[in-house]
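Encoded as structure tokens, the following chain is the form predicted alone, with no partner shown.
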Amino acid sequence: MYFSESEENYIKEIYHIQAVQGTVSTNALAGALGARAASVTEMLKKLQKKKLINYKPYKNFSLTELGNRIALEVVRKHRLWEYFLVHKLGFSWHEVHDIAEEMEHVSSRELIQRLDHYLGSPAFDPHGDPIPDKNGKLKAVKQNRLTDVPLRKWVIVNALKEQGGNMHQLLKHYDIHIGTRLKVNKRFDFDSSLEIKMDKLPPAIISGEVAKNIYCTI
């Protein structure tokens, strides 16, 4: 069955929202996509006809088994292309999201299988997000937000959620990247900022906005 680029974008966004909230509302989807509610409703009707979502008007909805499989295929392609762009073409991790948004709609499964083989079947993309395998399986990983880790306990950064250039500039300034070992010395209630300590570097203060985009393993 053929799915348009727009349909795949909707399915992928539903997948991401559903992963956090369990079910999805029309307003939440419209907000995430920057689309009008009326346009979203029309697309949901199309996706329902293709048996990709369990949808009833004015109710929260979710992906069907088929919809979830298609969403994971799109996510797989997106994250494999991000890995390729960073590790083979030398892009910075903050530059690749928009490019991968275009490349994720390549329909050739043979191309994606060869890409995966060429890359050595990586388990995680450059931001630390798991890459679904060819069967749609995701490697389980425990991710703790830096804002929630225990004080004075060493942790390892394993994911960076914000992908914009401004966040990349801040993280580069602090020399924080995937694999960085650090600990939180103090939390400041006034503005939710944190004092962090990394190996061989003096303590530094980062804002709560930066900290909430850093995920770690304890």
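Owing to the predicted nature of the structure, the values given are computational and were not obtained by experimental measurement. One-based numbering along the sequence shown.
Only in words, not in the display: the form predicted in complex with the DNA, which the text now covers.
Contact with the DNA in the predicted bound form, defined as any heavy atom within 4.5 Å, is confined among 150-158, 170-178, 38-46, 185-193 to 38-46.
Annotated contacts: S4, N27 and G34 all touch the DNA in the predicted bound form [non-hydrogen atom within 4.5 angstroms]. A residue is said to contact a partner when one of its heavy atoms sits within 4.5 Å of a partner heavy atom; T64 fails this definition for the DNA in the predicted bound form, lying far away. Contact annotation: N60 falls within 4.5 Å of the DNA in the predicted bound form, judged by heavy atom distances.
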